[in-house]
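Take a look at this one chain, the form predicted alone, written out in structure tokens.
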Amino acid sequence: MKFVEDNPQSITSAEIVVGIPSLNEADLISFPTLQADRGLTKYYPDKSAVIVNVDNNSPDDTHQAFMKTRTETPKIYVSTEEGVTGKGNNLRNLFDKALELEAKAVLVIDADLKSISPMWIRNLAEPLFDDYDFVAPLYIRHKYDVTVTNSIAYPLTRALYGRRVRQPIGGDVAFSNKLARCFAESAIWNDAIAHFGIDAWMTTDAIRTHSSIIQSFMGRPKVHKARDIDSEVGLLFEDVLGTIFELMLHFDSFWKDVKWSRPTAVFGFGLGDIEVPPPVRIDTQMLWDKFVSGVRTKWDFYSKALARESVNKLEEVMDIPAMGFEFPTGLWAKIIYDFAVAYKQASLDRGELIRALIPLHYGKTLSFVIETEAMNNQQVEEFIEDQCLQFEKSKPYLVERWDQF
């Protein structure tokens, strides 16, 4: 991929590269840039480093805001060509640039982060200097934050590939030179991966290639630009699900043989204060309305995409009143697996197929909110772990159906 570069200090090598992917983040990019600089100068004063803004040719002066931020660490601005957008395309430029600079450690932090501290740089980078290849973030998050992660991305990735990576689409990650090369040379690429599917793609590739993986506890909650559940689903759903389903096609010889999952080590506990995440408000009436109306609208589509048993059980769920609503996780897992099989069959439009999951996701989220209302964060984590086990227990159902087509 061609890119435009601004490298005023003519940097040609760096041991540590911190990449900040962006699109129209002029108002926010200075803060994570400053925190990255402080982390690099505090924890790695003896290592050469550079901060790279990998941008989508933002028209809002992100370039200028980044370069004008005063840092001790040198900076490079890299942009996709005009008209080329997507976080994945930005990171593809970062892979190439990091290899060109011969970086030993490559870190990625989001451009709209409001909670990043210098410690995040140490927590992401340090495992790479202890021979790990991939560092996934572990945040304290509100129980109603990241619904796509909690209900689909985490349990599905875990059941498929056998590793418990709590934030497989966490955004702030780190990887070695070896894995940067693996990412850069991958032949698997599509429009979903080029946008918000990139995080699921990197996590899956790290697991699939048997790279050494660790999670890093970030201490502080992840706080970025405010998004409600609608905007989160709109931003992530098609790209993340499309990427996970697409990778299932490529790697089925790997994941079909995986039985159960194993834990992934955690770095960083006790290295910083643990803060309470900001509140997340959920409109349960909105979830109910979108679930009911969406399912009714798409019922004929579900009849084609789902196994008959799943359709019958979904009918039973639709009869449960809102006050005591429950969407059983065993059914939810089988529905997700049915959709994966339908994606493989390709007899239905794949984009429409993934969008048809959104009303069901609203229903599952409503059920989750009702069931966990009185739980604290630790209890919710245990609840999510139990849901993941149900995905793992249902995996033979997926393999059997998958092999029929």
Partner chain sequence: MRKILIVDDEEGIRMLYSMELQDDGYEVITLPDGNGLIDVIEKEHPDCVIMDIKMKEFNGLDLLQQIRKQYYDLPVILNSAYSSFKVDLKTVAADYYVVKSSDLTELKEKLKLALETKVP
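Given the structure is predicted, the values throughout are model-derived calculations rather than measurements. Numbering follows the first chain given and starts at 1.
Note that the form predicted in complex with its partner chain isn't included here; everything after this is about it.
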property: Contacting member of R281, K259, R296, R308, with respect to its partner chain in the model of the complex [4.5 Å, heavy atom]; result: K259
property: Candidate from V292, L99, V266, I188 lying within 4.5 Å of its partner chain in the model of the complex - any heavy atom; result: V266
property: Heavy atom of Q378 within 4.5 Å of its partner chain in the model of the complex; result: yes
property: Residue contact check: R164 to its partner chain in the model of the complex, 4.5 Å heavy atom; result: yes
property: Distance check, F327 to its partner chain in the model of the complex, heavy atom within 4.5 Å; result: no
property: Its partner chain contact in the model of the complex: M119, any heavy atom under 4.5 Å; result: no
property: Which of 192-200, 205-213, 327-335, 110-118 sits within 4.5 Å of its partner chain in the model of the complex, heavy atom basis; result: 205-213
property: Residues in 363-398 with any heavy atom within 4.5 Å of its partner chain in the model of the complex; result: Q378, E382, L389
